[in-house]
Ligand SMILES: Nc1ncnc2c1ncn2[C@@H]1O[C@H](COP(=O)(O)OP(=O)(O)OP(=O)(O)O)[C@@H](O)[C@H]1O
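First comes one chain, alone, set out as structure tokens in the form predicted on its own.
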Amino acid sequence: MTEQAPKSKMSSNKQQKEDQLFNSRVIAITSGKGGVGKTNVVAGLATSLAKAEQRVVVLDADFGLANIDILLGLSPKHTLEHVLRGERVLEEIILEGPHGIRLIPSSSGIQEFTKLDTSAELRLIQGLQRIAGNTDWLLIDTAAGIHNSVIKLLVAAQEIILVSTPEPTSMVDAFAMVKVLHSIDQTKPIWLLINNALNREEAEETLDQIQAAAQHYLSKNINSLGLIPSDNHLLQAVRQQQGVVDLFPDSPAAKAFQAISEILMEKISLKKDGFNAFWKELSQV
């Protein structure tokens, strides 16, 4: 009996390590309207997390404007469409970006995840399962707006980052997104991020107005992720197809992305078997 104890302990430790391998965070980044810099936010957060030695996978789920590969300086030969058609496996289309970021590229006009046939769904699930073991974060770049396919992705994700700007139309659309999500899942955590703010006062006023409306009309608390300031370095980085965090690490935008990534690592916990949990939720929405 005494000889069995070490073996049992070793087995327990091994199982614990195996369980930890499949723990991850699945975060959807979205916006109430287009043109608010959502994809720039995804690229900036992915780069900052990767520089902090986090293992990051980005899923481009913006089937109308699939362009995060451009922001990361990547050129996909094959996309998610080829996987869904059975022409490639997921590992064959994944692109490796800066600091080991892995991108699952998409293309416009492909089927929504919620309308896949059984074989296409199985190919995607099996691919995600194979890459889940070495992933800490799955960042999903959704399309903008409250389309049904977008909402289903958001509901399935572990948590949501909602990007808005201080413009009144963007604020109204952001609140509309909160209302729709709240009507489906009142407990879903939402983080509000203000992009392209002229200064901290403008960002805080925008945050306060959206948070106050959510509290007053929905009794919903929205978490604050702070702001990404208006910064010409960001536009320069886009033109050079490099991340602002790499190209201009001391710029205001880069420092903001770094600060926000630290908040995310501190505040959002790992979810057991996060990839499978995401797909299970998506299939039930």
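These figures come from a predicted structure and were not determined experimentally. One rule holds for the numbers: they count along the sequence shown, beginning at 1.
What comes next is about the form predicted together with the named molecule, which is not displayed.
**Message:** Even though the partner isn't displayed, in the predicted complex is residue 235 close enough to the named molecule, meaning a heavy atom within 4.5 Å?
**Reply:** Close contact exists here: in the predicted complex, residue 235 approaches the named molecule to within 4.5 Å, heavy atoms only.
**Prompt:** Does any heavy atom of residue 214 come within 4.5 Å of a heavy atom of the named molecule in the predicted complex?
**Reply:** So residue 214 does not count as contacting the named molecule.
**Prompt:** Is there any non-hydrogen atom of residue 124 lying within 4.5 Å of the named molecule in the predicted complex?
**Reply:** Result no; residue 124 lies far from the named molecule in the predicted complex.
**Request:** Would you check, heavy atoms only and a 4.5 Å threshold, whether residue 62 touches the named molecule in the predicted complex?
**Result:** The answer is yes: residue 62 has a heavy atom within 4.5 Å of the named molecule.
**Asked** If contact means any heavy atom within 4.5 Å, which of 86 to 94, 151 to 159, 194 to 202, 178 to 186 contacts the named molecule in the predicted complex?
**Response** Result for this chain: 194 to 202.
**Prompt:** 190, 120, 72, 144: which sits within 4.5 Å of the named molecule in the predicted complex by any heavy atom?
**Reply:** If I apply the 4.5 Å criterion carefully, the residue I get is 144.
**Request:** Could you spot which one of 230, 54, 258, 251 gets a heavy atom to within 4.5 Å of the named molecule in the predicted complex?
**Result:** When the named molecule is considered in the predicted complex, the option within 4.5 Å is 230.
**Prompt:** in the predicted complex, which residues of 25 to 48 put a heavy atom within 4.5 Å of the named molecule?
**Reply:** Heavy-atom contacts within 4.5 Å come from 34, 35, 36, 37, 38, 39, 40.
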